[in-house]
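Consider the single chain below, provided in structure tokens and representing the form predicted alone.
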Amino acid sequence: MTSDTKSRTVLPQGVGKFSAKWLMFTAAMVAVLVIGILAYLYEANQGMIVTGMANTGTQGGVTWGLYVVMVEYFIGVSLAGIVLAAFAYVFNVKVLRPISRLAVLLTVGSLMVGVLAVLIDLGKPIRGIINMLLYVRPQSPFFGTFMLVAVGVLLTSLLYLYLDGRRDAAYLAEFDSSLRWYHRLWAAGYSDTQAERERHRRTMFWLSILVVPLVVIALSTEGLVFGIQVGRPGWFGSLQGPDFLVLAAASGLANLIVLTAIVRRVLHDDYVLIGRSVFKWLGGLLLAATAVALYFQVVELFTLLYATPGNERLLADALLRGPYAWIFWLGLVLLGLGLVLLVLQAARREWSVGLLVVASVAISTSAVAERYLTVIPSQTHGMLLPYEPGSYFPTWVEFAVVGGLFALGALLIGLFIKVFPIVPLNGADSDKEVLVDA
């Protein structure tokens, strides 16, 4: 790292610079967020009647709607990032080092909006938090999921992000910039001595080792929330835990690929930091996760077709040729399309950023569809009690609130890259693997 005057006044990677495009992006996200906040305030004032949700059975609706669907999606997206960063650190995969910070940031942002989605779904979040503190049952999967995901994984990810950035913060604190106070605060006295580097290495290593089983347990517990409910067709079963893990890996990697492509474009060619091999690794990992996810989908499909007992047949009919058929088949086609695009690139050994992004968007959209079909149909069809089939479709209020959550997540990432380098300063990748930009 050079120490000339220019390098000490101009922060790297565009930190501290606010371009017209960035301001336009921020303004658009703020507008979407404001609409989401107004929609939530309208819902809080009028009650949950303005949503598409209603009591299961007696009112023919669902008590878990789009908000819970997005809780499952956001949590799934988030946990792949921190696992990838930990994997790269423990096994010293230098190719993935440039995106390790972005991966952890994706985890932090997704978990934050996921926790907000939980609170929004409560209707009266303050009362819900108080009741949880008063009547909590630690043996409940609901409590386990909330504590492991909202507290355990989120705090661990924040700690990982903080420790990983201390060395860069200490370097940036030497720059004469308006953000010097922030970088000094982050560095917290880090002096980059040999002893401090070794202590930092050991801490990061053991933190990386800890986070992997924590994430596996957290996602498995989330699957248990559905898998142990005997009275709900389509939920009860031992496949829920593994299915949540695999779909989380696929959706998380898909979102990370899209974000990596965006960051690479934003940094321009002046910063050859996110190299070609990054996309090759991400594409290969996404290919493996998507193949397993599709296998689980096919297993569930054949089970519905050939071995569906009793009331489960009503659920199967609703999914395969009833009101949810278009979501089921669209999700399956998108997952297959994403897998085909990945297989073709792997076979040719040429990874196109454009095709990777298309495949990632298709897989991520399929993951949303799968989460929707996990949560909703089991509440409207095939119930053990003698109720008529119900129905549910989100209202504009729910769509606006969810749009606000996405905008908040995008704002968190967009603001971060303007106050801190998104690529570690010692993590550039200059490999020459074959990659096509279009």
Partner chain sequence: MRRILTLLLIVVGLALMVIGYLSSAPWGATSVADSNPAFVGAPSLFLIGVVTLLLSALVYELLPSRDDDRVE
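Residue numbers count along the first chain shown, from 1. These figures come from a predicted structure and were not determined experimentally.
Another form, the form predicted in complex with the partner chain, is not on view; read the next lines as being about it.
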| query | finding |
| --- | --- |
| In the model of the complex, the one of A195, V299, L305, A347 near the partner chain [non-hydrogen atom within 4.5 angstroms] | A195 |
| Of W181, W326, Y295, Y135, the one that lies within 4.5 Å of the partner chain in the model of the complex (heavy atoms) | Y135 |
| The partner chain contact at F236 in the model of the complex, heavy atom, 4.5 Å | no |
| Partner proximity in the model of the complex: W281 to the partner chain, non-hydrogen atom cutoff 4.5 Å | no |
| Contact label in the model of the complex: R313 to the partner chain, heavy atom within 4.5 Å | no |
| Partner contact for T203 in the model of the complex: the partner chain, 4.5 angstroms, heavy atom | yes |
| Listed range touching the partner chain, judged in the model of the complex by heavy atoms within 4.5 Å, from 77-85, 336-344, 102-110, 161-169 | 161-169 |
| M147, R199 and L210 all contacting the partner chain in the model of the complex, non-hydrogen atom within 4.5 Å | yes |
